[in-house]
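You are given structure tokens for the same protein chain in two forms, set apart as structure 1 and structure 2.
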Structure 1
């Protein structure tokens, strides 16, 4: 009896071991957080790779809320995917905590480097080392209601003039609406004035005359010109635009799906700012990259798949079917892409845009700066005082994090 039990146990163990090794050997496991059309297009690309290279690619869609934590928890412990896709904002944190993202600078060749749109590789580079290949980008741009705006404004003076004529605060109509108290949206103005969050060494340089000037510019639009609603939020902006109460909004590609079919909208590049010497508004770019997992057992093939995702062939599928703004510059020569109003408009905006910092410290910036912006908007503090206070809080958090050993 005991003997038989032992045999059963042993065969069971052998079988299990066999299954595990077989599953590990050939398949590439890829994690992403796509849904809907993006997911379908992504899976199509994976299938295409499988047909071309004969390596099976298993894609797994993870709910976005749980995604980053799942990577943080599993990859450093030797589990998880071979390739995963995420925006650059978590990259710095993963690199600093280690054993998560594999550096790929050694694999990357010049031809691959050159195929990308400008600025894309910067988001994938942390302290001079390349950690990922950029796949797609997002930024905000100017979206207007064609029924109210004939020609979109090119400069801030034109914007204010147009918006004033379309504003009627009593009936809740405004010429311009965007989430101006949110630092992500405000960054477009800040960058126009040349403000920065970190210098190249990672020192916090947010409290600068340029940033203050950009907040004052925002206050001018809100208070002096009175062309924007109070207490903006994502839902407020979209409901106002859909009801025809906001003529112009600054928003990103995610907003397009929220526009009601009754609104005939157009897209244009964000205006230049006369007060900043005619410099254009430069929104932040969020760039999604494909990263090779540090615990992958087949890093070379993982890199090869990531590289395939950035190719022209994959790019066309991802942008035309998945509605993504792909990073490969070659696809913007394709007629089908250039005839697509939305894809073309965001590609145009790319000429004046810059990648959002990928440092981990960035998460400490959002909340204090947003608090400061709210204070300024509500008249509880001057831009100088509010920003000084915010940078103090941020600097404290950063110092606590970068503790010496």
Structure 2
């Protein structure tokens, strides 16, 4: 009887060990939205992790336009990946809705926390809890055509003077072009004037004298100075720059791949704004993080992969081959990184950048404010009226969200 019991127990232990081993060896599924060189570099890092850890990593590139909705629809139902990569602006919403992002503070050691550039972990933290590890950052900066601009402007006065000399509206040439009716791009001016979306307590403070002043400044460049084209868009800005019809643009690292090989371009930090007391333009800093899915059946391995993505080893591949601005501070001691004019320029801009809010309410801001800015540009409303209307719409949505929690 005792012998039979020993055999049964031994068999049970073997089965349990087998199940544990199978679970440990199961594939990690990772979602991202990278394309081109970024995708190739990311897949290379995933393969390197496979070799090091013996765990297969299956990466899936999701079209960006559908990506956030796919995470929202899939992960809470247990059908999503083990790890997904996304910027911090959606983080608060996913946490508030539940069953999407796993808190990971328990896993993080001091060495991991200390490896990041300043402020990066703040974007991954929501209401005091850490939910992700930052991988890369993006912001806009000043990009100029070297055939047209010898020395990039450092102040708004210099910018206007130079842009006016390079503008000929009759031939469709402008000194400055950027998507100024899009709130994301406008934020650099808003932040320079001291405008904010939320205060430190989460109160909506968008309708402020500072934000109104920033919109008026944008309108001065557009209407009074006449240095920017009408009806801007990403496509228009790209085509104008490549055709030599825009001397200076404000755009991000994603724009670099759209520049024609025939254009000799340079990069510089965005100018300071004389009308804002000489404060620098402060573009929003978008920080992409690696998040462990709340529904993952192998959270420890998922976190380990996320941690590997933030390592110096992975960072050098993602930076040098994928042209990403990695968050690990050690890679900026590498001469290959600092000799790369694009990586260095966006790293320089980091000193004058503002992390985008990661509050759940942020998703309700984009459309109303962009609509308001379009009304102002088209002459259908003053900045004061348009912003007041947009703020009312946003506040109604926020109130409805909080009642539903």
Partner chain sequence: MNLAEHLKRSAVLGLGFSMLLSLVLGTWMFRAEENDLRLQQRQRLAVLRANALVLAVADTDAAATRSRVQEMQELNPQIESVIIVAGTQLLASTRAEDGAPRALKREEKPLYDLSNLIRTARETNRGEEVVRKKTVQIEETTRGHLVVTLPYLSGGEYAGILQMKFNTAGADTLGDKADSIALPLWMLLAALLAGTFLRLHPEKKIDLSKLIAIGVFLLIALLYQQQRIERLEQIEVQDNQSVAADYLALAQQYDRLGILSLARDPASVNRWDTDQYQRPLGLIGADGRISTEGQARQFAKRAGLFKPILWAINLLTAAVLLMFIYGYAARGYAAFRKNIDAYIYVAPAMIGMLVLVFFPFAYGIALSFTDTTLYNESLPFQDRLIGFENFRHILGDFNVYQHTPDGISWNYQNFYWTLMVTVMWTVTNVTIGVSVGFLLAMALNTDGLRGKAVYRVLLILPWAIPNYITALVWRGMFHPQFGVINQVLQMFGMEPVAWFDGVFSAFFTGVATNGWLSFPFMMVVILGALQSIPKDMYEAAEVEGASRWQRLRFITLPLLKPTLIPAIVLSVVWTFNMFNIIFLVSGGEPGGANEILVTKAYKIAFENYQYAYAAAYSTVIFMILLVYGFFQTRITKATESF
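Worth saying up front: this structure is predicted, and the values here are computed from it rather than measured. If you superpose the two forms and keep the largest set of C-alpha atoms that fall within 1.5 Å, you have the rigid core. Positions refer to the first chain, counted from 1.
Note that the form predicted alone is the one shown as structure 2, not structure 1.
Put simply, the smaller rigid part swings 12 degrees relative to the larger one between the two structures, by C-alpha superposition. With the core fitted, the CA of residue 35 sits 2.9 Å away from its counterpart between the two structures.
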